[in-house]
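Have a look below at one chain only, the form predicted on its own, in structure tokens format.
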Amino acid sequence: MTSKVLAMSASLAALVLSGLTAGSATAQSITIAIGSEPSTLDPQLRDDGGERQINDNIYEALMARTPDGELIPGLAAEAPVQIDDTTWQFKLREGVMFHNGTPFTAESVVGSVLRVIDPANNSEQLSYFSSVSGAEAVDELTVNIKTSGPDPILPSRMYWMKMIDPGYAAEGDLAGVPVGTGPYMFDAWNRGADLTLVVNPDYWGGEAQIDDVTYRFVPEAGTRLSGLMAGEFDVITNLLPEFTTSVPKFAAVPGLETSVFVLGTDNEVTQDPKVREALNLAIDRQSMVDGLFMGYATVAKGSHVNPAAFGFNETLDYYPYDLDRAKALIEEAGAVGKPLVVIGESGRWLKDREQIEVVAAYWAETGLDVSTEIQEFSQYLDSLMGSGPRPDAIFIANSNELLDADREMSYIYHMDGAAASNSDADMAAMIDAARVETDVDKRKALYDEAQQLGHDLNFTVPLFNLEDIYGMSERMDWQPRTDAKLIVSEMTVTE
């Protein structure tokens, strides 16, 4: 670690102590149990839900959302203005400072944009920013963001891009000691166990009521539940539906995640359309909803695109359950006894491991030789979005915080998407055309056509639209958000 980073860490510690000493008698602390440890605390390079659950409190973006999903200004002082087909202009808030004392300016935005879109950085978040081509400072508090073509959802994209201090990104330890503008500051990371944030007493939006928050990394749902019941945790994620009536408090909200398997359409077994069709027909999804989720999920209607997103094709058919037809297709494809490797993880999403194992069992009934590989989360992210061979089938609970089909289609359907497992140039062209189409009806038609093609070719195996379920201690006062962000400044406790 450089001397500059050490000095910065020391100054943060001093700031924390000075901010908490006066109010230490009434200091409020909470503990949140999450399902996976962050693979990094760099907010721009990995697409890692564990990272976001923490960094959403350290960093901010130009745009924000209310708890019910309305897009509002964040670090921007007002809604952006589109000044030509490929340029959006943002005015920034005055007086905003990074945690290390550096002012937040237009140059901060330029550096943040250029870093995340730099091909050399190979960001897994590029599907969120697929149209963004650059940025330029107009003056200290005005910045223009450029797109490669017309992009009607650029403001929504800037809800996702976290703003960094470019100087610190170049010289500091962004992956291990994050520095943002948000209401909480990094304190300590005990690798493999927990991570602590402390309140930012100089936050531009006013000081939050929770003084410090500790995140515990607890992959097993049962362990999270027992910790909540024992009083160790104040909030737990992915509360099992069967225990909603047993915990002190719980809250469930319709989520933006759709669980899905992405199929390797160029792989030896899954390149055959008959095999991919069989994989969709072999699953009794409604039985899984009833048995696993107790009503806290619904069967996905033929697509991994979330129904809440613009561009969802509502005319798609549900994939029916037809095991006999699935077996016949596997036999017709000459795939009986051939290996199918299913990749997944455990603890990040609601009943993720259970979904993986139940689906794998269904697939084994078709005559395929099915094996599962549950990976540690960082390894899993490499399997999902790395440059190596694509898995035969890989599980993900895919989210859409942009509330636009471009997010999911660029990510999974586009041949260059981070999680894509196909090489279909025609589908990629449809997605590219939709991205820059400003006529709403034409744009919707392009998305409908691309989703219908993906549905008919069985590029993915969509499962369920999931609800977000949280368990809480008796003292917690918090209403979960539709975008699943754990915003600690929106939480309070009663002693």
Partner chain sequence: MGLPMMSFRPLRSFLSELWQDKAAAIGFAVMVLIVLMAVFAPVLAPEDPATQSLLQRLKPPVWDARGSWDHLLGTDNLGRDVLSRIIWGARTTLTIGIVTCVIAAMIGTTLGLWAGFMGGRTDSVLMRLVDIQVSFPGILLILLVVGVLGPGVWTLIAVLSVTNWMVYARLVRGIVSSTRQMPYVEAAEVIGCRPSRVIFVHLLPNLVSPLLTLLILEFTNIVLAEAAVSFLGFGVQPPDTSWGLDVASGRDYLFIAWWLVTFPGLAIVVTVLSINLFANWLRVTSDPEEREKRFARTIAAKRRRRRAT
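Since this is a predicted model, take the numbers as computed values, not measurements. Positions refer to the first chain, counted from 1.
What follows is about the form predicted together with its partner chain, which we do not show.
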For this session: Could you tell me which one of 252, 358, 77, 341 places a heavy atom within 4.5 Å of its partner chain in the model of the complex?
Result: 358
Seminar exercise, completed: Checked 220, 317, 139, 268 for heavy atoms within 4.5 Å of its partner chain in the model of the complex; positive is 220
Exercise. Does residue 351 make contact with its partner chain in the model of the complex, using a 4.5 Å heavy atom cut-off?
Worked result: yes
Exercise. Is residue 200 close enough to its partner chain in the model of the complex to count, meaning some heavy atom within 4.5 Å?
Worked result: no
For this session: Answer for residue 346 alone: is it within 4.5 Å of its partner chain in the model of the complex, judged on heavy atom distances?
Result: yes
Problem set entry | residue 386: touches its partner chain in the model of the complex, heavy atom cutoff 4.5 angstroms | no
Exercise. Of the listed stretches (150-158, 378-386, 301-309, 330-338), which one has a non-hydrogen atom within 4.5 Å of its partner chain in the model of the complex?
Worked result: 378-386
Exercise. For the stretch 457-478, which residues lie within 4.5 Å of its partner chain in the model of the complex by non-hydrogen atom distance?
Worked result: none
